[in-house]
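One chain is shown next in structure tokens, namely the form predicted on its own.
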């Protein structure tokens, strides 16, 4: 049997023997809309755990920032306000530069390279999270990040002064280096921000644009594969340590299935969502040669800044990733 088949079989065996007389209920906040592939993967993970434990542990997802906003989710898990949740860790790069390893511009621009980078960063990142009372379960990458605007942009000069939605340190710094004005906006607020002119552009995947129907306010999408940030599902470490071994095994099995399914969805979603942007009237295509060259120069500046902030730990991740190429 394949690894995933073995995992699924193990979950089924545990479910058959589990007792739900003392069911425990966990709420799982998620920042993105219910239709987003990350949220769909999380919902199936939650169902897997609930079924796999025979209802002994019931997980309910709360997408779209309905329980906690994206910026609040990590802290809520750390402090035990909720036991589990999903968060884009690069949004907390100000706490620890390692959280931004997946948003170093043009370091890993394909799914294969993203996976290699994740493999070398997973250990150090897990240690950092453990020190914050968090236990990492699984991680899924977003598709490559492109640029959205409400106008044609072929050079950084064309973008000067644009109010640019940022979601982490990398997106805010890119905006600054391009002469734009970064505005911190959570995923759940994107549609309203563009509709009201609070923001006029962003760097994000085709997935986010499709989910939020940004064609209602924006006109252009330029593929750039600037970076491939990841979402992470984490559990409060105290809550994790309080689970019996059988329940932990089920969660680990469901996490492996979710990571595999999420990776596949992200790959499949890439072309589909960009095509949908075009079908709904947006101009789509690669960045111009001039803008591409300017972005690569900006990427070199941001990479140097990140390596300085991340120190030896960051350098070790980049060196190990390059050695694996």
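Everything quoted here is computed from the prediction, not taken from an experiment. Positions refer to the first chain, counted from 1.
Omitted from view is the form predicted in complex with a small molecule, to which the following refers.
Considering the small molecule in the predicted bound form, the lone stretch of 109-117, 202-210, 123-131, 71-79 in range is 202-210 [heavy atom distance within 4.5 Å]. When the small molecule is considered in the predicted bound form, only one residue from 138, 101, 194, 142 comes within 4.5 Å through any heavy atom, namely 142. Think of it this way: in the predicted bound form, the small molecule has a heavy atom of just one of 233, 88, 174, 254 within 4.5 Å, and the residue is 88. Interface membership of residue 187, defined by any non-hydrogen atom within 4.5 Å of the small molecule in the predicted bound form, is confirmed.
Within this chain, residue 167 lines the site of the small molecule in the predicted bound form, having a heavy atom no more than 4.5 Å away.
In the predicted bound form, at least one heavy atom of residue 32 sits within 4.5 Å of the small molecule.
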